[in-house]
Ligand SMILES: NC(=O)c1ccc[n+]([C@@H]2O[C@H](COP(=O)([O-])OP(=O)(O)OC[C@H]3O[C@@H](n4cnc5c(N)ncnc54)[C@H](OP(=O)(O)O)[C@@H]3O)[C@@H](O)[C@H]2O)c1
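Okay, so here's just one chain, in C-alpha cells, the form predicted alone.
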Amino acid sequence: MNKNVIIVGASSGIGLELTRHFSCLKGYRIFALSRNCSDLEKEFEKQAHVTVHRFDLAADVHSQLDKIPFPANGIDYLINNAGFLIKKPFELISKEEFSQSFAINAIGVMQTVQYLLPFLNAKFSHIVNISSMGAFQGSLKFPELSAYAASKAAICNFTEVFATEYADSTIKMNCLCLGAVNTKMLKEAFPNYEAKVTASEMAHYIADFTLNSGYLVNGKIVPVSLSTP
C-alpha cells in the first residue's frame, strides 16, 4: 500500500535530498512543498509519484494548503524542514526580521500541522520537525543568530506540548535538532566552516528516523550532531 509523505522546504539542501531519497523508495508518494519550485519541477517532472507545490510559510498557510489535493485521511509522514536564517548583531535585527523568522521557523510550521490534522492517517502518522542544535537547551550558542535560534527553539517546545495534547491519538511528533551539515545555510552562518556531514547523509538519517522511530518515541527533542561550528 502506498504511503504519503509531505516534505516542507524541499527545494535545496537537506529538503532536496529528502525528496530525492523518498522518490527512490517504492510505494511512496511525495508532496514536495517549497517557495522555489522551478528546479524541483524540472528534476522530478518524469516521476509521477512526486508532485511539487509552491508554498511560502510566511504567507497565508491555510489558504495555500487548501489548493493542494492531499488524500483524505492518507498523510502518513510530515517533515517540517523549512528554515529561514538571519545572521546579524542582535541590536540590528528589525521587528520585520524577527517576525519573518518566527513566521517561517515556528508559526508557519504550527499552522501547517493544524491544517493537516484532518488529512493524517487515522491508523498512524509521524510528524518530524527539523530544528537546530543552536535551539537545543544547554548547547553551545553562537553570536548573531538570536532570531534563528529563538524561533527554532519554539518548535522544540511546540513538539513537546503537541505530543502531550495528542498523547491518546495515533499522531506522533518528534523534533530533530541538527548540528553542522554542509549546506548553503551553514555557509551563510559560518562562511569558513566545512561540515563533515553532507546534506545527503543527514537526509538519509532523517528519512530513517521518520519511517521507523514514531512507533517508539513521541514528543522527544533529539540532538543529531557530529559537530557544531
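This is a predicted model, so every value here is computed, not measured. The first residue of the sequence shown is number 1, and the count goes up from there.
Only in words, not in the display: the form predicted together with the named molecule, which the text now covers.
> Counting only non-hydrogen atoms, choose the one of 67 to 75, 117 to 125, 88 to 96, 148 to 156 that falls within 4.5 Å of the named molecule in the predicted bound form.
It is the stretch 148 to 156.
> Considering non-hydrogen atoms and a 4.5 Å limit, does the named molecule approach Thr183 in the predicted bound form?
Because a heavy atom of Thr183 falls inside 4.5 Å of the named molecule in the predicted bound form, the answer is yes.
> Do Met110 and the named molecule share at least one heavy atom pair within 4.5 Å in the predicted bound form?
Looking in the predicted bound form, residue contacts with the named molecule do not include Met110, since no heavy atom lies within 4.5 Å.
> According to a 4.5 angstroms non-hydrogen atom cut-off, is Gly13 in contact with the named molecule in the predicted bound form?
Result yes; Gly13 sits at the interface with the named molecule in the predicted bound form.
> Please determine whether Ala58 contacts the named molecule in the predicted bound form, using a 4.5 Å cut-off between heavy atoms.
Judged by the heavy-atom cut-off of 4.5 Å, Ala58 is in contact with the named molecule in the predicted bound form.
> Of the options Ser200, Asn36, Gln47, Thr170, which one has a non-hydrogen atom that comes within 4.5 Å of the named molecule in the predicted bound form?
None of the other options qualify; the answer is Asn36.
> Going through 122 to 146 from first to last, which residues have a non-hydrogen atom within 4.5 Å of the named molecule in the predicted bound form?
Heavy-atom contacts to the named molecule in the predicted bound form: Ile130, Ser131, Ser132.
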